[in-house]
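We begin with a single chain expressed as structure tokens, specifically the form predicted on its own.
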Amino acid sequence: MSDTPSVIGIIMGSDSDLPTMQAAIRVCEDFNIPCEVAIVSAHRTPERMVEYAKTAHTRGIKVIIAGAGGAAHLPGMVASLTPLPVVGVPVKTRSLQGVDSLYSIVQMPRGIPVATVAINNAQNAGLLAVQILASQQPELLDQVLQYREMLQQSVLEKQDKLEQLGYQDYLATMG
């Protein structure tokens, strides 16, 4: 993204997870937060995963977002190896629609937490990472508050439109 050192690490178990994880990357871009993006497989490149997780905090990373499908061991294994907060993104799979990934990520033993978002919801993972950083950065907290205000305005505008058109015409404008 830039020459500024990355503070959010976005990792995934396979390149097939990138279409899902791009939503987290976009959140970082929207908030001008430098992030690094890497493919780090818990099963196919375990040594790389260990190295990544153990050194992330020494490289300036503050939060790791880890997306994985199927067995989805990446978020939990990374959380076991790093002192940083880890946000897990269960990636939808063909056979079980991502429920397997969700269960794998959310079922962490006591002492090794992974914050887990909904299946394929990398956008919320990115926003959670931003909010974690914003808890220590007042200027970033202001951006989060502005973002929330924008969400509120969007809903209020939709309500106004619904009241003006009625539900049937409103539905017709939705496509």
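When you see a residue number, it is the position in the sequence shown, counting from 1. Here the structure is a predicted model, which is why all the values come from computation and not from measurement.
As for the form predicted together with a small molecule, it is not shown, yet the points below apply to it.
- Contact annotation: Arg148 falls outside 4.5 Å of the small molecule in the predicted complex, judged by heavy atom distances.
- Shown alone here, Gln153 lies farther than 4.5 Å from the small molecule in the predicted complex, counting heavy atoms only.
- In the predicted complex, the small molecule sits within 4.5 Å of a heavy atom belonging to Ser16.
- The small molecule in the predicted complex is not approached by Arg26, whose heavy atoms all lie more than 4.5 angstroms from it.
- Of the stretches 62 to 70, 132 to 140, 46 to 54, 117 to 125, only 62 to 70 has residues with a heavy atom within 4.5 Å of the small molecule in the predicted complex.
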